[in-house]
Every structure is written in structure tokens, then in C-alpha cells.
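Just one chain follows, in the form predicted on its own, and it is written as C-alpha cells.
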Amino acid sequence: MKLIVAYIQPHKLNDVKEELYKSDIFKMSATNSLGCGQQKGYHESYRGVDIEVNLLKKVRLEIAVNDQFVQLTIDAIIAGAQTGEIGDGKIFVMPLEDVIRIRSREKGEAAIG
């Protein structure tokens, strides 16, 4: 079992969801986040004052998957999020020690579904 965490551009969320659905991956959590990386932000002027914006809007996806779905999930995220430009995002894959479904008390791979 793995926990896949991906940071993507907000406008690519629907594209990523469509690619995940095509790969039979339906369960995920999505939250808005702020972050910076290689983009380093940008400067803008507001009422004549120069402002440095270095925390950019991103969407954080968290997807728990069984081992046979890890590569499918990664490929789907890349297919939906990739533009070839700086700022496309990152994917982190972490081991998932245990999962428990609260409703039925199922554990492990059965709880992920």
C-alpha cells in the first residue's frame, strides 16, 4: 500500500481527475495549498507598490492505493497535469503502514478498496 501525494496546478485538476477515472481510480482527497519551487514566484504592482508573490496556488491530491495501482496512478497524474512548463508539480510516493475503514473496521488493502 502506498500514499501518493501530488501537487498540481489548480487549472489541471479536472484533467487529472479524468485521467484517474479512466484508470479506475476514484478515491482521492484534494485540498488547496500554497507553495513555491523552481518557479520562485513573481512580482506584481498593486496601487504602485511592488509586491513579491512567492507562494503560488496549487492543489494537493492525496490518493491511497494498493501496490498494483501505484504506477497507474502516477501515469494518470502525469498525463493530466503535464504541460512541459516549470510549475507542473511534484508527485511523492510514500509507504502506507496501515489503513482502517471506520464503518466496517476493515484493515489493509481491503480498506482502500
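Here the structure is a predicted model, which means the values were calculated and not measured. Numbers for residues come from their place in the sequence shown, where the first is 1.
From this point on, the text means the form predicted together with a further copy of the same chain, which you will not see here.
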- prompt: Does the 4.5 Å heavy atom contact test between M28 and a further copy of the same chain in the model of the complex come out positive?
  reply: yes
message: Is K22 near a further copy of the same chain? Define near as a heavy atom within 4.5 Å, in the model of the complex.
response: no
query: So, in the model of the complex, is S33 in contact with a further copy of the same chain at a 4.5 angstroms heavy atom limit?
result: yes
query: Any of the heavy atoms of N66 lying within 4.5 Å of a further copy of the same chain in the model of the complex?
result: no
statement: Checked 74 to 110 against a further copy of the same chain in the model of the complex; residues with a heavy atom within 4.5 Å, sequence order, are I74, D75, I77, I78, A81, Q82, G84, E85, I86, D88, G89, K90, I91, F92, V93, M94, P95, L96, E97, D98, V99, I100, R101, I102, R103, S104, R105, K107
